[in-house]
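Taking the form predicted alone, here's one chain by itself in structure tokens.
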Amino acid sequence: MNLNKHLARLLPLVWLACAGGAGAADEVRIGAPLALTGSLADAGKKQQAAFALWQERVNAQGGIQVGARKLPVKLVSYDYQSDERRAQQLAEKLITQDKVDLMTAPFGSGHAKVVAGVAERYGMPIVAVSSSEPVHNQGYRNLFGTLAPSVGLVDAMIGHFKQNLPALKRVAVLGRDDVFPRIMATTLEKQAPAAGLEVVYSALYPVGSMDHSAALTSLKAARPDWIYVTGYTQDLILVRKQMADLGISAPVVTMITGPAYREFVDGLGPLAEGVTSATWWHWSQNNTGDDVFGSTAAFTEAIRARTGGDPDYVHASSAAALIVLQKAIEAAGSTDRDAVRAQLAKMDVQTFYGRIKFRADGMNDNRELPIIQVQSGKPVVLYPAAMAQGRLQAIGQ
């Protein structure tokens, strides 16, 4: 199908949230390619909900302060259908045809990486929800991200699990061969030996795999104390079900980042029990900040009212992406790309999401990241101590 004809079909997805008749000079236009259908739709819809809440609150206050004027926000969004090539095409359209002032990147490191590449070519500042160094180590000047580096999740889990289960010795790793899941798998494999853990099995599975029985049979034979699996929600649900079919378990079963999502827990029911993960944010945090939500509690209630469920880190980090764009525009006093980029580069703010301070590579600085475990049908925080809602429970004990 001709691309222009296809894009024309997508036009109803554009969010027309501002008063009709406003010209580009009378509004702030933010581009947001989203995966509203396809394999990443669950995350894309969470981004959409968080973006909409932020936009409603900003516009209810008259918009963003740009110099001497307050300008309403228009979010211009298309469904790229979880297709990487389409994400690139629509990112270019947002910049060249829709004339957006600034952009956000879609969820998922792989898709964030390709969209950030488009933004870089045009000198367009873009804020992503991405934690993988391979997304941020391209030397891009315009890319910033609200998630802390993936390595922080791995370090936190190794330390906490070893402290609470000193007998933990043998770890098996199964990861999806895709940007973020691969980094999470290989990082654990590299860092485990320094903590006295022996990696007894390690493998990557192709994107789209629907049968993990061969890998899981080999994993079972390695007799691990800790089973560590990476992937996206539907991958992890499938792996966990096939583990049950094959009678595979261990004192610790980690699935990155399954337990952070309601879809994972609901999709597995009792099979989710005891599964651990780490995450970048949890609604039980007690952050406050000078933003349109003001506190973690207020953001949590807003998401609950909008979606009927608790927010997860995708909701929160997506809303935070727009908050930092707003703050950068206000500090710059304009939507000039160079001026906004300069403000993002030196930003250090407290928000409902927590502290946001970008490193030289555009990633959010490391901090204590929550470790969670599904207990009695819901994820509870095990670490850090200030947030703890429960203690680590070894599976089968």
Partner chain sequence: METYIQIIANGLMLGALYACIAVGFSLVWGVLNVINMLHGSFIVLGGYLAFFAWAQLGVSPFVMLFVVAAALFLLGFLIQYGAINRVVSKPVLLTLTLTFGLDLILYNFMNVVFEATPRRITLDLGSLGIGEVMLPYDRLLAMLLALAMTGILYWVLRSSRIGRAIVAVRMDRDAAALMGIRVNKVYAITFGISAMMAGACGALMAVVYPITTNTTGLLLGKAFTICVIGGLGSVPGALVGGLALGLIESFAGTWLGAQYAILIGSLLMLTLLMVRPTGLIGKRGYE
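Note that this is a predicted model, so its numbers are computed, not measured. Residue numbers count along the first chain shown, from 1.
The same protein also exists as the form predicted together with the partner chain; that form is not shown, yet it is the one meant from here on.
Stretch-level contact analysis of 113-121, 127-135, 96-104, 267-275 against the partner chain in the model of the complex, using heavy atoms and a 4.5 Å limit, identifies 267-275.
When the partner chain is considered in the model of the complex, only one residue from T288, Q89, S209, T186 comes within 4.5 Å through any heavy atom, namely S209. For the options E263, E301, E84, D155, the residue carrying a heavy atom within 4.5 angstroms of the partner chain in the model of the complex is E263. Relative to the partner chain in the model of the complex, residues G38, A214 and T233 are all within 4.5 Å by at least one heavy atom. Remark: R337 does not count among the residues lining the partner chain in the model of the complex, judged by a heavy atom distance of 4.5 Å or less.
Taking the partner from the other structure, the partner chain in the model of the complex has no heavy atom within 4.5 Å of any heavy atom of V292. In the model of the complex, the partner chain sits within 4.5 Å of a heavy atom of D245. In the model of the complex, no heavy atom of W283 sits within 4.5 Å of the partner chain.
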